[in-house]
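The data below hold one chain only, encoded as C-alpha cells and taken in the form predicted alone.
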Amino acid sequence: MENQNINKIYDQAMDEISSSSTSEKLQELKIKFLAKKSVLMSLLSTLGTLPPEERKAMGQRLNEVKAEISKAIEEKENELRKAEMEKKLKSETIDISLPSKKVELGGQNPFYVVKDEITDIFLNMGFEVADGPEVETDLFNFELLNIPQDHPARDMQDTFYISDSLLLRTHTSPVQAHTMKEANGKPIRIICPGKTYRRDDDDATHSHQFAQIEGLVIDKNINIGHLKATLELFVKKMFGEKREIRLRPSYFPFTEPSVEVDITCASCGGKGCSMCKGTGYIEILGGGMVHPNVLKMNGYDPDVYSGFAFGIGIERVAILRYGIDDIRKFYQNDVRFLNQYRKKA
C-alpha cells in the first residue's frame, strides 16, 4: 500500500515537472515534493511501524524517488535556462547589414603637442620642471629680475594689474626667482612652462595671453658656450638635424650679455626667401647669461656662480612647425582647426 502511494506521488511529480514552464513553478515543486513537510517526506514517519524487511525496502524506495524527482527538477531547470538564453540571444541579435555609428577620434591641439615635446627634450637633458603662480607680486615679476620701478623695460611688458603690487605675470621668469630663493645658493637646472599675460592687441600674431617655456641653469663655471650648445641641441631635436642656429646681440634686463636666437629657414635652408625676408634665418627665442644683479638679489655670489637663461614662445614654435597663420586659433576651441593637424600631431 505504501509503495502504491510512493508511486502515485512520483507520477504526479513527474507530470507537474514536465508541464512546468517557469523557474518559479519549479521552485514551488521543490517545496511541494522535497521539503521536510512534503507528502513524500511525511511517509518517512511511517517507517517505524513497518516490519524490518519492509522498512528497508520502503526506505530505499523513498530515497530513489526523492533522487529521481530532484534530478528531474534540475534537468528541467537547465532546459528552461537554455530556452531563456536562446530567446534573449534571438531578441538581441545585431543586424550587421545596418551602418554602424561613426566614432570620431579627437585631435590634440598642436599647442600641447609642441609643449609636451619641448618639455621632453629638456627633461632628457637633465632639466627639471618648475611651476609657479600666474598671479604674481611686483617683487618677483619685476624687481628680483633687475627691472626696478620706472625702468623703461616695464613698458615692453605692460600687463593686467589686480592691485598696486599684484599682477598677472608677464613671463614665467618669476618661477626662476622663486626657485633661486628656495635653492639657497645650490646649483639649478630647470624649465618653467606656463601661461603669461600682457596687454596687447588681438590679431593674427598677437594675443593678450600666450605661453612660454623658460629655462635656467646656475652653477660654477657656466658660460655662453653652454647656452649655445644647449639651444643647438634643442633646435636639432625639435626641427631636425639640418637646422642651424645663429646668436645675435640683444638686450634683456635680466641677462648680460643677451642674445636673440635664430634658426635657419625651413623653406629655403638658409639661402633666403620670402618666408625669412631674405635673411635665411627666423627668430625663435631669446636668452643670455644671468645678470650678476639677478644672481645677487636671489641669493647667489656672482663671483662664484654664473648661469644662463632662455625663453621660448610655445605658440611661435607651433606656428613654425605646422605653418599656422593665426595665433588665436590655438584658443578658439574649433574642432575644424584640430582636425587639420590631427595626423600631423
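Start at 1 with the first residue shown and count on from there. Computed from a predicted structure; not experimentally measured.
If you look for the form predicted together with 3,4-dihydroxyphenylalanine, you will not find it shown, but the lines that follow are about it.
- Residue-level contacts in the model of the complex: of 111, 142, 254, 122, one residue has a heavy atom within 4.5 Å of 3,4-dihydroxyphenylalanine, and it is 254.
- For the options 157, 146, 230, 137, the residue carrying a heavy atom within 4.5 angstroms of 3,4-dihydroxyphenylalanine in the model of the complex is 157.
- Contact annotation: 3,4-dihydroxyphenylalanine lies within 4.5 Å of heavy atoms from the stretch 171 to 179 in the model of the complex, the single such stretch among 171 to 179, 113 to 121, 76 to 84, 158 to 166.
- Taking the partner from elsewhere, residue 264 is found to have every heavy atom lying beyond 4.5 Å of 3,4-dihydroxyphenylalanine in the model of the complex.
- In the model of the complex, 3,4-dihydroxyphenylalanine sits within 4.5 Å of a heavy atom of residue 286.
- 3,4-dihydroxyphenylalanine in the model of the complex comes within 4.5 Å of a heavy atom belonging to residue 310.
- Taking the partner from the other structure, 3,4-dihydroxyphenylalanine in the model of the complex has no heavy atom within 4.5 Å of any heavy atom of residue 226.
- Shown here without 3,4-dihydroxyphenylalanine, the chain has only 198 in 182 to 198 lying with a heavy atom within 4.5 Å of that partner in the model of the complex.
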